[in-house]
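In the form predicted on its own, a lone chain appears below as structure tokens.
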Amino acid sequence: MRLVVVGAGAIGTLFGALLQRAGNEVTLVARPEHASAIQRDGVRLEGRTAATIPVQAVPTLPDGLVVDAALLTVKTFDVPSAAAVFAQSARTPTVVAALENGLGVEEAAEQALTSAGWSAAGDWIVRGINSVPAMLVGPGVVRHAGEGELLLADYKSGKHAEVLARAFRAAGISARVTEDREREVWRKALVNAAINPVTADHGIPNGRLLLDPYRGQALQLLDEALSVAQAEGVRFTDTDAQRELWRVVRATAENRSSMLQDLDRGRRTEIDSISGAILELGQRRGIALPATARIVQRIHAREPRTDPGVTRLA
């Protein structure tokens, strides 16, 4: 397959390198210093996967790009602009797999692609729900930090997810198609709402959440997020939600969450797309979420005033 990874940070670079090694033709679009290092030396993977893999890497999307699929691995707030720039570059519709955290990703991608002139844009979108942990060690260097799985779901058409899942599996990435997209998106959102803000606030790896006081804080955020999911008609029991939380924490114990990595690098986080989106839904339904409101404020207070991001792709 011919693939482009738009916004190749830690997870996009990991996936792109493994897909390239498996025989696909991959182009990574990344921040200039990251793209330059990859173009010069290849992607160096550490941790669970140790390899150096030559991959094409560029800082901007080329015009007239012809690919079989695009993987959007930008931050959630960058999805609209990244999707729009890709649509302009590709010119004709092709598969767009959105692998972001948070809620409302599919809708944001569809609106951007439609505005760019794609007809039936939702039919081209695949939602990815990823729990494979990765850390950007430095330009061109990514640590594969533990076990995880990539779930893929067609947004509307039901034609593309399985093709991508096969490509990921051939690259050694655990991947499967789910028919219950909304439930799986919420499952990931619940886990992210409990893990990411607490680890980012305290500067700790995921595994420290097994210990108090961090454990109690994560459980409080999980409980509040769960109340919103249930109000939205997505049913999880407390036992199921906690089991999934601790499973992910143990599987990614050495990983520093993406939100913590963003703060470490002085970049904007996805707090609004995760905890902020849950807080907004709770407010609409009259559900008090005091712990969620506090953590959103705390993370915002630590974010930079400006972050150029990676959406300046053209």
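Quantities reported herein were computed from a predicted structural model and do not represent experimental measurements. Residues carry their position along the shown sequence, with the first being 1.
Form predicted together with a small molecule: not shown, discussed below.
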| property | result |
| --- | --- |
| Residue (of S89, Q217, N130, T76) lying close to the small molecule in the predicted complex, criterion heavy atoms within 4.5 Å | N130 |
| Option touching the small molecule, based on a heavy atom within 4.5 Å in the predicted complex, out of R143, H160, R181, K188 | K188 |
| Any non-hydrogen atom of T27 within 4.5 angstroms of the small molecule in the predicted complex | no |
| Contact test in the predicted complex: S275 vs the small molecule, heavy atoms, 4.5 Å | no |
| The small molecule contact in the predicted complex: I195, any heavy atom under 4.5 Å | yes |
| Any non-hydrogen atom of V248 within 4.5 angstroms of the small molecule in the predicted complex | yes |
| Heavy atom contact within 4.5 Å of the small molecule in the predicted complex, the stretch among 28 to 36, 257 to 265, 280 to 288, 64 to 72 | 257 to 265 |
